[in-house]
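Have a look below at one chain only, the form predicted alone, in structure tokens format.
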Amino acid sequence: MLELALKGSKKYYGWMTLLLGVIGGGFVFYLWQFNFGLGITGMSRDVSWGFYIAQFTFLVGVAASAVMVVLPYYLHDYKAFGRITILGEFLAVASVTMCILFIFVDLGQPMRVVNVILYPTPNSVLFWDMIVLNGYLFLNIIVGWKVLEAERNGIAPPAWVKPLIYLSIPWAVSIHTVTAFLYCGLPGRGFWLTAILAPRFLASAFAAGPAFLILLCLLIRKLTKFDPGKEQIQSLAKIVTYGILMNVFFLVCEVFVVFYSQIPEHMDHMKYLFFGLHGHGVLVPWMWTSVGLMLLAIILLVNPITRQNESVLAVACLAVFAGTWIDKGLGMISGGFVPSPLHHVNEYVPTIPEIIITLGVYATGFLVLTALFKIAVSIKEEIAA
């Protein structure tokens, strides 16, 4: 089936060439970082996790969201999702690939990755994060590939695939839970010291991932002969609606608890993010934009009339994706490090090289996603013909 990824129109080749160009640019800047060190990034003694880990955190959620199509289809026998389950699984593969690359570039030196394997430390959450991420990647590659191959041949998937499918469901929840525990394990950071961090991560994941999948389904319908289906898109839209409602509810709970308890160490993080602290507030406009986008999305998604209009639905999905990306991809990490445990404000802003390396990683993920979707859609078109 791999040969299907090598056949396409001029637009397909043009898109892939553009992605390769961005990857090349990112790689050049990565070589600079490799030679000079992480000093070319905006990270510092006070902010040791920056843009790379923030993107990793957001994309783990996008990967985990595949469970929102796998679970209804395989556990609840919701046949309609049979048309798009493979798309959700391949989106998870591309997302986990980006997650692993973001950890790779954040470690600075590639040999440090080997240390995690050569000197395993089961008492470290980072060790378990490596296990669950790689496991989830292989589960989705194997399950997605074998199911698609069987669909192409008009036969049932091998029996041994089914246990792997069931295993992938709790595994999807575990990858984002373990990521949340990474932050909860830092007792000096009040912003992350909350029991609902993992549920909050999962809520935003179940909003952002399906929202992005809806946008991809609409794009596939426009560019190819394969139609993912109106019922499927509307079912995903309902999942996005509940996901974004829960995400905003958890955010309100956090704000209430922080200001009701009046613990200065916890309040300062929220003040810094939404109002600025000690004259510093680089993230304030971003955070209010995130809140505005999520509220706009809720208004558009809760109303069945606007939700069923696919043009409006696309706007709502963009608002969900952008709003949750700002929340997790910008605010969540910086908000935990700033101010420091000594209440000093040392702001973090990603540098140009850091942003270009990040774009290179995203381009790699989109290259993988495009190739996998090209294979899946080509087979769907073959079967329909």
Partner chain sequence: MKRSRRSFLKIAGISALGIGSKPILNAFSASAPQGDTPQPAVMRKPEALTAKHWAMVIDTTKFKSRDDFKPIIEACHSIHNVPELKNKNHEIKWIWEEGYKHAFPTLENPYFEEKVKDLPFLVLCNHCENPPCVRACPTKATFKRESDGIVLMDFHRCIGCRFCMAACPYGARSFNFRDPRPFIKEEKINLKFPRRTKGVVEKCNFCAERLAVGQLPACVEAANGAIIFGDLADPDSDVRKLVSTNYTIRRKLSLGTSPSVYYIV
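Numbering follows the first chain given and starts at 1. Please read all numbers here as calculations on a predicted model, not as lab measurements.
From this point on, the text means the form predicted in complex with the partner chain, which you will not see here.
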Site check S235, W288 and S311: each within 4.5 Å of the partner chain in the model of the complex by heavy atom: no
Partner proximity in the model of the complex: E265 to the partner chain, non-hydrogen atom cutoff 4.5 Å: yes
Contact test in the model of the complex: M43 vs the partner chain, heavy atoms, 4.5 Å: yes
is_contact(W49, the partner chain) in the model of the complex, heavy atom dist at most 4.5 Å: yes
Any non-hydrogen atom of I220 within 4.5 angstroms of the partner chain in the model of the complex: no
Stretch from 251 to 259, 166 to 174, 74 to 82, 116 to 124 whose residues place a heavy atom within 4.5 Å of the partner chain in the model of the complex: 116 to 124
Contact assignment for the partner chain in the model of the complex, among V315, L107, L295, V302, heavy atom within 4.5 Å: L107
Heavy atom within 4.5 Å of the partner chain in the model of the complex - residue from F226, F212, F274, W128: W128
Residues within stretch 328 to 345 having a non-hydrogen atom within 4.5 Å of the partner chain in the model of the complex: F337, P341, L342, H343, H344
